[in-house]
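Okay, here we've got a single chain as C-alpha coordinates, the form predicted on its own, with questions on binding and movement later.
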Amino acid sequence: MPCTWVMACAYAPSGCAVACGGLDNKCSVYPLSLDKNENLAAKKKSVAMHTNYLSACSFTNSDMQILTSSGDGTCALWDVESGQLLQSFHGHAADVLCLDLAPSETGNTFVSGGCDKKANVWDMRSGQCIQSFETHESDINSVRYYPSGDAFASGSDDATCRLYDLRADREVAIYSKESIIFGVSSVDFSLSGRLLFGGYNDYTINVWDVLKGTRVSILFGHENRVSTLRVSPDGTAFCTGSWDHTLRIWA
(Lines give C-alpha, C1' and ligand atoms only; values in the text may rest on other atoms or scores of the structure.)
Protein backbone atom coordinates (compact mmCIF):
# COMPACT_ATOMS: atom_id res chain seq x y z
CA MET A 1 0.00 0.00 0.00
CA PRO A 2 1.23 3.50 -0.78
CA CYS A 3 0.86 4.94 2.71
CA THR A 4 0.58 3.97 6.36
CA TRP A 5 -3.06 5.03 6.68
CA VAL A 6 -5.37 4.07 3.80
CA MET A 7 -8.66 5.98 4.04
CA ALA A 8 -10.28 5.10 0.72
CA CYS A 9 -10.39 2.22 -1.74
CA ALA A 10 -12.52 1.27 -4.74
CA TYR A 11 -12.74 -1.54 -7.27
CA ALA A 12 -12.73 -0.68 -10.97
CA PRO A 13 -15.98 -1.68 -12.74
CA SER A 14 -14.10 -4.38 -14.70
CA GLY A 15 -12.72 -5.88 -11.48
CA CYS A 16 -9.22 -5.68 -12.98
CA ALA A 17 -7.87 -2.88 -10.79
CA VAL A 18 -8.25 -1.32 -7.37
CA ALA A 19 -7.71 2.31 -6.33
CA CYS A 20 -6.66 3.44 -2.88
CA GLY A 21 -5.16 6.35 -0.99
CA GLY A 22 -5.19 8.26 2.26
CA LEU A 23 -2.66 10.30 4.17
CA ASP A 24 -0.32 10.30 1.18
CA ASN A 25 -2.70 12.86 -0.44
CA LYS A 26 -2.99 10.83 -3.63
CA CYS A 27 -4.96 8.07 -5.29
CA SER A 28 -3.00 5.11 -6.62
CA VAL A 29 -4.41 2.52 -9.00
CA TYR A 30 -3.09 -1.07 -8.83
CA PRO A 31 -3.81 -3.70 -11.49
CA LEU A 32 -5.11 -7.00 -10.15
CA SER A 33 -3.77 -10.33 -11.34
CA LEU A 34 -3.96 -13.98 -10.28
CA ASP A 35 -0.33 -14.47 -11.29
CA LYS A 36 1.58 -14.66 -7.98
CA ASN A 37 4.89 -13.93 -9.71
CA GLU A 38 3.71 -10.65 -11.20
CA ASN A 39 5.04 -7.53 -9.47
CA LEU A 40 1.83 -5.51 -9.26
CA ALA A 41 3.39 -2.75 -7.12
CA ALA A 42 5.70 -1.92 -10.03
CA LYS A 43 2.65 -1.39 -12.26
CA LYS A 44 0.83 1.00 -9.93
CA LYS A 45 -0.19 4.41 -11.22
CA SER A 46 -0.39 7.55 -9.12
CA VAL A 47 -3.50 9.13 -10.60
CA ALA A 48 -4.79 11.87 -8.32
CA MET A 49 -2.80 14.38 -6.30
CA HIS A 50 -4.52 16.53 -3.67
CA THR A 51 -3.00 18.99 -1.19
CA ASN A 52 -4.45 17.10 1.79
CA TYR A 53 -5.56 13.55 2.64
CA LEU A 54 -7.69 11.49 0.24
CA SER A 55 -11.01 10.73 1.96
CA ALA A 56 -12.91 8.82 -0.75
CA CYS A 57 -12.56 7.57 -4.31
CA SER A 58 -14.88 5.98 -6.84
CA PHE A 59 -14.48 4.91 -10.43
CA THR A 60 -17.10 6.31 -12.79
CA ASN A 61 -18.86 3.92 -15.18
CA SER A 62 -15.54 2.79 -16.67
CA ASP A 63 -11.99 2.01 -15.56
CA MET A 64 -10.79 5.15 -17.32
CA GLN A 65 -11.96 7.86 -14.89
CA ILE A 66 -11.89 8.16 -11.13
CA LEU A 67 -13.57 10.64 -8.79
CA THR A 68 -11.87 11.66 -5.54
CA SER A 69 -12.63 13.76 -2.47
CA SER A 70 -10.12 15.25 -0.10
CA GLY A 71 -9.37 17.05 3.13
CA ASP A 72 -8.30 19.99 0.95
CA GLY A 73 -12.01 20.84 0.54
CA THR A 74 -12.32 19.73 -3.08
CA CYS A 75 -13.50 16.85 -5.22
CA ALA A 76 -11.85 16.05 -8.53
CA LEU A 77 -12.32 13.90 -11.64
CA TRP A 78 -9.17 12.33 -13.11
CA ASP A 79 -8.13 10.41 -16.21
CA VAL A 80 -6.65 7.14 -14.95
CA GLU A 81 -4.31 6.54 -17.90
CA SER A 82 -2.67 9.97 -18.02
CA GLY A 83 -3.30 11.16 -14.45
CA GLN A 84 -4.69 14.39 -15.93
CA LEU A 85 -7.20 16.45 -13.94
CA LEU A 86 -10.41 16.54 -15.97
CA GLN A 87 -12.63 18.57 -13.61
CA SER A 88 -12.39 20.04 -10.13
CA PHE A 89 -15.30 20.76 -7.80
CA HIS A 90 -15.06 23.69 -5.39
CA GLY A 91 -17.88 24.54 -2.99
CA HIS A 92 -17.17 22.98 0.38
CA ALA A 93 -15.75 25.25 3.07
CA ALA A 94 -13.92 22.44 4.90
CA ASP A 95 -12.71 18.85 4.47
CA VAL A 96 -14.78 16.71 2.09
CA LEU A 97 -15.26 13.34 3.80
CA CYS A 98 -17.41 11.28 1.42
CA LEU A 99 -18.93 11.02 -2.03
CA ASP A 100 -21.31 8.82 -3.98
CA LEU A 101 -22.03 8.62 -7.70
CA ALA A 102 -25.63 8.74 -8.90
CA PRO A 103 -26.93 5.45 -10.36
CA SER A 104 -25.71 5.42 -13.98
CA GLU A 105 -29.14 5.81 -15.58
CA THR A 106 -29.85 9.06 -13.72
CA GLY A 107 -27.06 11.12 -15.27
CA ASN A 108 -23.62 12.51 -14.58
CA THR A 109 -24.05 13.72 -11.01
CA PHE A 110 -22.58 12.87 -7.63
CA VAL A 111 -23.12 13.93 -4.03
CA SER A 112 -20.46 14.84 -1.48
CA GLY A 113 -20.52 15.55 2.26
CA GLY A 114 -18.04 17.22 4.56
CA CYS A 115 -16.95 18.93 7.73
CA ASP A 116 -18.87 22.08 6.75
CA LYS A 117 -22.10 20.13 7.52
CA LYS A 118 -23.11 20.42 3.85
CA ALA A 119 -24.16 17.82 1.31
CA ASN A 120 -23.58 19.09 -2.22
CA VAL A 121 -24.83 17.65 -5.50
CA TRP A 122 -22.52 18.24 -8.47
CA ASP A 123 -22.72 18.15 -12.26
CA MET A 124 -19.64 16.19 -13.35
CA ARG A 125 -19.49 17.80 -16.80
CA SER A 126 -19.71 21.45 -15.76
CA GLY A 127 -18.09 21.18 -12.33
CA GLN A 128 -20.94 23.20 -10.87
CA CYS A 129 -22.74 22.57 -7.58
CA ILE A 130 -26.40 22.20 -8.60
CA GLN A 131 -27.96 21.56 -5.17
CA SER A 132 -26.80 22.08 -1.61
CA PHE A 133 -28.31 20.88 1.68
CA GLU A 134 -27.25 22.14 5.09
CA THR A 135 -29.45 20.70 7.83
CA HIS A 136 -26.97 18.53 9.73
CA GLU A 137 -25.46 19.93 12.91
CA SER A 138 -22.02 18.33 12.52
CA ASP A 139 -19.67 16.62 10.02
CA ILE A 140 -21.27 14.48 7.30
CA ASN A 141 -19.34 11.21 7.22
CA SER A 142 -21.28 9.27 4.60
CA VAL A 143 -23.66 9.86 1.68
CA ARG A 144 -25.50 7.28 -0.41
CA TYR A 145 -27.95 7.62 -3.29
CA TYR A 146 -31.39 6.03 -3.05
CA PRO A 147 -31.56 3.16 -5.62
CA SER A 148 -33.76 5.23 -7.97
CA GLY A 149 -31.35 8.17 -7.88
CA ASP A 150 -34.12 10.59 -6.86
CA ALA A 151 -32.89 11.00 -3.28
CA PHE A 152 -29.89 10.38 -1.07
CA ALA A 153 -29.19 9.62 2.58
CA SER A 154 -26.48 11.03 4.80
CA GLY A 155 -24.93 10.01 8.13
CA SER A 156 -23.37 12.52 10.49
CA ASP A 157 -21.50 13.05 13.75
CA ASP A 158 -24.73 14.70 14.98
CA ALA A 159 -26.02 11.12 15.57
CA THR A 160 -28.63 11.33 12.80
CA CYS A 161 -29.20 9.95 9.33
CA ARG A 162 -31.20 12.13 6.98
CA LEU A 163 -32.99 11.67 3.67
CA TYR A 164 -33.00 14.39 0.99
CA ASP A 165 -35.43 14.38 -1.96
CA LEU A 166 -33.66 15.86 -4.99
CA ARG A 167 -36.85 16.68 -6.92
CA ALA A 168 -38.43 18.43 -3.93
CA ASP A 169 -35.04 20.00 -3.13
CA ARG A 170 -35.41 19.47 0.60
CA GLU A 171 -34.86 17.18 3.58
CA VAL A 172 -37.76 14.77 3.93
CA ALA A 173 -36.79 12.55 6.88
CA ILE A 174 -34.58 12.40 9.95
CA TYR A 175 -33.63 9.02 11.42
CA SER A 176 -32.78 9.48 15.08
CA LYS A 177 -33.67 8.54 18.66
CA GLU A 178 -32.93 10.34 21.92
CA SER A 179 -31.02 7.28 23.09
CA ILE A 180 -28.63 7.49 20.10
CA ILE A 181 -25.89 9.96 20.96
CA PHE A 182 -22.96 8.64 18.91
CA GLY A 183 -22.13 9.63 15.36
CA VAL A 184 -22.95 7.75 12.15
CA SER A 185 -19.91 6.68 10.14
CA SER A 186 -21.51 4.96 7.17
CA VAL A 187 -24.92 4.47 5.51
CA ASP A 188 -26.34 2.31 2.73
CA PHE A 189 -29.76 1.32 1.38
CA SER A 190 -31.27 -2.10 0.91
CA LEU A 191 -31.76 -3.08 -2.74
CA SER A 192 -35.43 -2.03 -2.69
CA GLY A 193 -34.70 1.21 -0.85
CA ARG A 194 -37.10 0.30 1.96
CA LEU A 195 -34.37 -0.05 4.61
CA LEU A 196 -31.50 2.24 5.53
CA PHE A 197 -28.53 0.71 7.36
CA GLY A 198 -26.33 2.92 9.52
CA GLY A 199 -23.02 2.06 11.16
CA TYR A 200 -22.43 3.94 14.42
CA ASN A 201 -19.53 4.90 16.65
CA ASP A 202 -21.18 3.08 19.61
CA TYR A 203 -20.28 -0.24 17.89
CA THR A 204 -23.84 -0.87 16.61
CA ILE A 205 -25.70 -0.99 13.30
CA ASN A 206 -29.16 0.57 13.27
CA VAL A 207 -31.69 -0.47 10.63
CA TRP A 208 -34.29 2.17 9.72
CA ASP A 209 -37.57 1.95 7.82
CA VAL A 210 -37.05 4.63 5.18
CA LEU A 211 -40.74 5.47 4.68
CA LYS A 212 -41.91 5.35 8.30
CA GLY A 213 -38.76 6.87 9.78
CA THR A 214 -38.71 4.27 12.56
CA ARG A 215 -35.95 1.95 13.70
CA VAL A 216 -36.77 -1.66 12.88
CA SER A 217 -33.67 -3.32 14.32
CA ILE A 218 -30.39 -2.77 16.12
CA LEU A 219 -27.48 -5.14 15.52
CA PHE A 220 -24.72 -5.86 18.03
CA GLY A 221 -21.47 -7.74 17.49
CA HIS A 222 -18.62 -5.33 16.85
CA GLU A 223 -16.33 -4.46 19.77
CA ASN A 224 -15.33 -1.01 18.50
CA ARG A 225 -16.77 1.68 16.28
CA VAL A 226 -18.23 0.64 12.91
CA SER A 227 -16.25 2.50 10.25
CA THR A 228 -17.79 1.28 7.00
CA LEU A 229 -20.90 -0.51 5.74
CA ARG A 230 -21.95 -1.75 2.31
CA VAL A 231 -24.88 -3.82 1.01
CA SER A 232 -23.97 -6.65 -1.39
CA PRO A 233 -24.89 -6.16 -5.08
CA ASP A 234 -27.59 -8.86 -4.88
CA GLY A 235 -29.08 -7.30 -1.73
CA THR A 236 -29.04 -10.51 0.32
CA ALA A 237 -26.47 -9.37 2.89
CA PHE A 238 -24.33 -6.47 3.98
CA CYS A 239 -20.80 -6.21 5.30
CA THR A 240 -19.42 -3.95 8.02
CA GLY A 241 -15.85 -3.01 8.88
CA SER A 242 -14.83 -1.87 12.33
CA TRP A 243 -12.00 -0.50 14.42
CA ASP A 244 -12.07 -3.91 16.16
CA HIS A 245 -10.06 -5.19 13.12
CA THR A 246 -12.90 -7.38 11.83
CA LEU A 247 -15.24 -7.51 8.87
CA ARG A 248 -18.65 -8.96 9.60
CA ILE A 249 -21.29 -10.17 7.14
CA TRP A 250 -24.94 -9.84 8.15
CA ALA A 251 -27.66 -11.76 6.29
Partner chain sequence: MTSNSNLSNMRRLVEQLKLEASVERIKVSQAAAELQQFCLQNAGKDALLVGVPTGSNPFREPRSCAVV
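Numbering follows the first chain given and starts at 1. Predicted model, so just to flag it, every value in this text is computed and none were measured.
We do not show the form predicted in complex with its partner chain, though everything after this point is about it.
Q: Residues in which of 136-144, 165-173, 109-117, 94-102 have heavy atoms within 4.5 Å of its partner chain in the predicted bound form?
A: Result of the contact check: 165-173.
Q: Is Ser58 close enough to touch its partner chain in the predicted bound form, meaning at least one heavy atom pair within 4.5 Å?
A: Result no; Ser58 lies far from its partner chain in the predicted bound form.
Q: Please tell me whether any heavy atom belonging to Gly15 falls inside 4.5 Å of a heavy atom of its partner chain, as the geometry stands in the predicted bound form.
A: So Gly15 does not count as contacting its partner chain.
Q: Using a 4.5 angstroms cut-off on non-hydrogen atoms, would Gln84 count as touching its partner chain in the predicted bound form?
A: No, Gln84 stays farther than 4.5 Å from its partner chain in the predicted bound form.
Q: Indicate whether its partner chain has at least one heavy atom within 4.5 Å of a heavy atom of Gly213 in the predicted bound form.
A: Contact with its partner chain, no.
Q: Does each of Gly71, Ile205 and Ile218 have at least one heavy atom within 4.5 Å of its partner chain in the predicted bound form?
A: Result no, not one residue of the spot touches its partner chain.
Q: Hey, which residues along 226-241 are within 4.5 angstroms of its partner chain in the predicted bound form, non-hydrogen atoms only?
A: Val231, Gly235, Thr236, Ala237, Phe238 sit within 4.5 Å of the partner.
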